[in-house]
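Quick heads-up: it's one chain on its own, the form predicted on its own, in structure tokens.
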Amino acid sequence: MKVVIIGAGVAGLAIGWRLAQAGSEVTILDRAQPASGASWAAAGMIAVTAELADASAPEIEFARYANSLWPSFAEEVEAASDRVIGFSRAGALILAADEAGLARLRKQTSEPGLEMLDAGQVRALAPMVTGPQEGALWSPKEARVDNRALGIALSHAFQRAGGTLIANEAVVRIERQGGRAAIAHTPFGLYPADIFILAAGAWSGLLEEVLAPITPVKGQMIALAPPRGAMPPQQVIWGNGIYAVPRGNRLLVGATVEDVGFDTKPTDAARGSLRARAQALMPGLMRWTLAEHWAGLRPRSPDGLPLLGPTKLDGLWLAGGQFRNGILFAPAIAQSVTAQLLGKAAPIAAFDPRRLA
């Protein structure tokens, strides 16, 4: 089977890697550099609890399954690429500012492994959190990965498995022949295939607006560097409208949610807001310096659920619409889409792209 994947983000690379391992002839085309879009701009959280408090049942089930795959997936990626991706299951604290917030968090404690902590227990676990808060939900199974290292590692693993990766090769249209997808056109060449997988993130809708109704949602983040002798917390911290993720000796703070089209310009207002919110939780951050400020575009579907499977156009498949959970979902997306293409599984009904077209 000859496959062309449009988009070399974490999803496209992971699917391509799995298909190449299964013996398919796979080419991945990317409009820029591999994993330089939402995969690069993310914080690398594998946030199976914090991000899914208001999610639908199918998304929660998919997230839990993806979370269970991550330890072995991380090991396999590192072995296949000879790259370290920084996977760590260090847990997350989801803070509550008041009693109403605590009540909302208590509703989640029916899930095994979750625990409510009072303010004193929070400070014992994360001494930097000295700002006003009533307590927290402690989720020890929350994990994180260095998403930028992950993208590089997956590109190496994919190519070592026999895949072809072509950067700076933007697909401008998909030619139809006999009622099916037949050839991907770029400014530099033509790429025929048996199957095309559209995994171009926020840009997917520009190529196939009807079949891939995906729109961009801007997210801005900052990275803070500590003064001499200080270290970031070990856990991911959620609260006051932000999350704080340790990455080496830095602390990543995010993220905004902005419907502004394809604008990726960082703004002073977002930088100030993110920093102020983080400092309210951890006043010691006032002595930390700004190390980086960036923005990325998340891919969102009309109903907020992923689009994973065949479209109404024969030969064209989708792997998109992950919104804020692209890193978390990555191993499960690769497994699901690959199994579907190889005839070993049916599309997940809630994520079937044909539900929207």
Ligand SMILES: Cc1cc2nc3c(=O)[nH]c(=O)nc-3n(C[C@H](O)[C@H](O)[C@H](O)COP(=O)(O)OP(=O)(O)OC[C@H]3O[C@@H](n4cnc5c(N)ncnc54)[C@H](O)[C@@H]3O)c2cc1C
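All of these numbers come straight from a predicted model, not from anything done at the bench. Residue numbers run from 1 along the displayed sequence.
The following text describes the form predicted in complex with this ligand, which does not appear among the structures shown.
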| property | result |
| --- | --- |
| Contact test in the predicted complex: residue 201 vs this ligand, heavy atoms, 4.5 Å | yes |
| In the predicted complex, residue 297 touching this ligand (heavy atom, 4.5 Å) | yes |
| is_contact(residue 29, this ligand) in the predicted complex, heavy atom dist at most 4.5 Å | yes |
| Contact flag, residue 174 vs this ligand in the predicted complex, heavy atom cut 4.5 Å | no |
| Stretch in contact, per heavy atom within 4.5 angstroms of this ligand in the predicted complex, of 285 to 293, 41 to 49, 305 to 313, 59 to 67 | 41 to 49 |
| 4.5 Å heavy atom contact with this ligand in the predicted complex for all of 10, 219 and 322 | yes |
| Of 74, 255, 129, 96, the one that lies within 4.5 Å of this ligand in the predicted complex (heavy atoms) | 255 |
| Contacts with this ligand in the predicted complex, stretch 226 to 249 (heavy atom within 4.5 Å) | 243 |
